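As structure tokens, one chain now follows by itself in the form predicted alone.
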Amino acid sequence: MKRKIAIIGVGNMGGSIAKALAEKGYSLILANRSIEKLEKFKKYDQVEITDDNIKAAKEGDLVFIGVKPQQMEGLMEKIRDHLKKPVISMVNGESLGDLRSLLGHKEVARIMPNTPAAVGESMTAVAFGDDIKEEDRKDIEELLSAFGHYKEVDEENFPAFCALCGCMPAFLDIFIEGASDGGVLCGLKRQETYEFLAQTLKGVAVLLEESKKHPGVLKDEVCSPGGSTIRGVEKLEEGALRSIIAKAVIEAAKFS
């Protein structure tokens, strides 16, 4: 792709995407209010950094917007006249209709990535506006593939997707912290527990994806009669772990 990609708002999420795209050699212009946060991108020859949002809006052929929801309206007032090009928003809560109203034009898409984008392993939801040209759609899909996997999702399901995939890295990190504490209490070194857990979670994910088995079946395959796993599972059930996880997703969806 020969086009220059602008990312306006390079926080945790925008920064994760920028890192993945920079590593793949894409031409980028990154704009952030605190330009100090962009210093780490100076090592990439094909990446330009700036604190001028208008400059990024003018020079980007495709423009990603990654600011906080409360900053969106103010940003659009400043750059709207320079955005006669496809805009891809990762701003939570802003629908395609909202984007069209704010931008004054119709070529928009909405995405919901997650932070594993930084290592090329995002699970991203995308919804395309009806007026996105086929060429632009293909280029956007190429970019989404550059930082992980993507799937088209109906806009009405974006809150559920956000809770399930956008919030899940934090939920899993809490699980990892707890499991690590247990490992340390049993005598393992802290850093070892992170290494062991990371590989185990990666393996479980690949097994689930490739085997196509129900997760309950995969769980049962580990549980020997009277064994250590089923005893641990009993403790998880005492704490209502499955119910707590479901409630966390439902609660997060209310605010997504």
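From 1 onward, residues are counted along the sequence shown. Being a predicted model, the structure only gives us computed values, none of them experimental.
Below, we turn to the form predicted in complex with a small molecule, even though it does not appear here.
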> Taking Val10, Ser34 and Met112 together, does each of them reach the small molecule in the model of the complex with some heavy atom inside 4.5 Å?
Replying inline: yes
>> Just to confirm, with a 4.5 Å cut-off on non-hydrogen atoms, which of Gln71, Asn157, Ser180, Ser95 contacts the small molecule in the model of the complex?
In response: Gln71
> Here the chain is shown alone; which of Val126, Leu83, Leu99, Val91 has a heavy atom within 4.5 Å of the small molecule in the model of the complex?
Replying inline: Val91
>> When the contact criterion is heavy atoms within 4.5 Å, does Asn53 count as touching the small molecule in the model of the complex?
In response: yes
>> With a cut-off of 4.5 Å between heavy atoms, is Val67 one of the residues that contacts the small molecule in the model of the complex?
In response: yes
>> Whether Gly148 contacts the small molecule in the model of the complex should be assessed with a 4.5 Å heavy atom distance threshold; does it?
In response: no
> Taking the shortest heavy atom distance, is Ile132 within 4.5 Å of the small molecule in the model of the complex?
Replying inline: no
>> Partner absent here, but in the model of the complex, which of 136-144, 112-120, 99-107, 171-179 has residues with a heavy atom within 4.5 Å of the small molecule?
In response: 112-120
